[in-house]
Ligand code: EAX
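Next comes just one chain, in structure tokens: the form predicted alone.
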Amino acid sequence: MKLKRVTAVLLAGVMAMGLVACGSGSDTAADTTTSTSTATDTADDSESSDLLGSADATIHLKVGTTTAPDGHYVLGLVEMQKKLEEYSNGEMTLDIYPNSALGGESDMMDAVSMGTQDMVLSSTGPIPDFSSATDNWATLDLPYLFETAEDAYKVLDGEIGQSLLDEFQGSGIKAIGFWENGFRELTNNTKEVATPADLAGMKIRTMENAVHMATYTALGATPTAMAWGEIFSALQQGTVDGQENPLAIILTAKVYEVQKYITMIDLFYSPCVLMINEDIYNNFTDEQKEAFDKAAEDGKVAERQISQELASSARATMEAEGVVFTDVNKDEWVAAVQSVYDDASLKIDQDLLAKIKAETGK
């Protein structure tokens, strides 16, 4: 399958340099060497070194993510790591690399598809641009598609979600399941934002996602697509006025230290997807597949619970640090983004949208 974002020359050059990016400020696909079937990998930064699996395991799967070591993605992967070692009788484990140590999400997806990285836990942001077969994943990024996380779980854990995961077949990636990013809230360091009108002229960082950018345009803002690793310098330098992310990420990545105002708009429900190189998974024995699948399911359940717990406590924690929260009349925001649903350029799958609405009763 032809990938839209394959950057083989770039990846090869970066791997040859042997650099490893550290911390939130990096978005380089710096170390995408596969660690499958080796127990000798060592982490290249101090944050990752504490997240390596058991040295006694004979199959080490290198998994990358962009979130902080204490973030919900990583904590969920730690639970999967423990369960994988248990279910495989110590044969299999995960080596977890947080904070974009293996690159940005698009880079890591490309690396997994080409077999130069084993696994990635990525938001759905880059998926619509991954290949022609995943175009209709853009439908999941529509604003106010899901009112509650439970609505999202009902869709994503059922036939609709499985059909979307199956669209990766033959791409070099096997999509395992939907984990959770969360409802995305708006932050800025300029003023309280209560209505869409308050966003006029403000530059807001979004994921590299056409639906999200169109949504912020409809709200009157100037969206600026930017990889996660670039956010902090952009916020500190005033390249953008604000950004949007779930509270769990705003808290654990300490975005609130450079953004005083948070507006509770719940604009998008953002899932994330656990992915593994297709050939690696297919070469597992039946027993290894069973252990991997069970561990992934347990990791998903744990990660979702961690996400909910972080989101429920994050507001009080950040308010104690002086962050100003603004609640909104959500109906006003819903009305302001309806044009996005009819934007033909966004490749929204109307049949899929109808199925989702039928499933959630909207």
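Residue numbers run from 1 along the displayed sequence. Not measured: the values here are computed from a predicted model.
Omitted from view is the form predicted in complex with the ligand, to which the following refers.
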- For the chain shown here without its partner, which stretch in 244-252, 89-97, 74-82, 154-162 has non-hydrogen atoms within 4.5 angstroms of the ligand in the predicted bound form? 244-252
- Should S123 be classed as touching the ligand in the predicted bound form when contacts are defined as heavy atoms within 4.5 Å? yes
- Just to confirm, D110 within 4.5 Å of the ligand in the predicted bound form by heavy atoms? no
- Do T215 and the ligand share at least one heavy atom pair within 4.5 Å in the predicted bound form? no
- is_contact(W179, the ligand) in the predicted bound form, heavy atom dist at most 4.5 Å: no
- Note on the structure: The one option of I262, M207, I173, L140 with any heavy atom within 4.5 Å of the ligand in the predicted bound form is M207
- Any residue of 222-243 that, in the predicted bound form, places a heavy atom within 4.5 Å of the ligand: W228
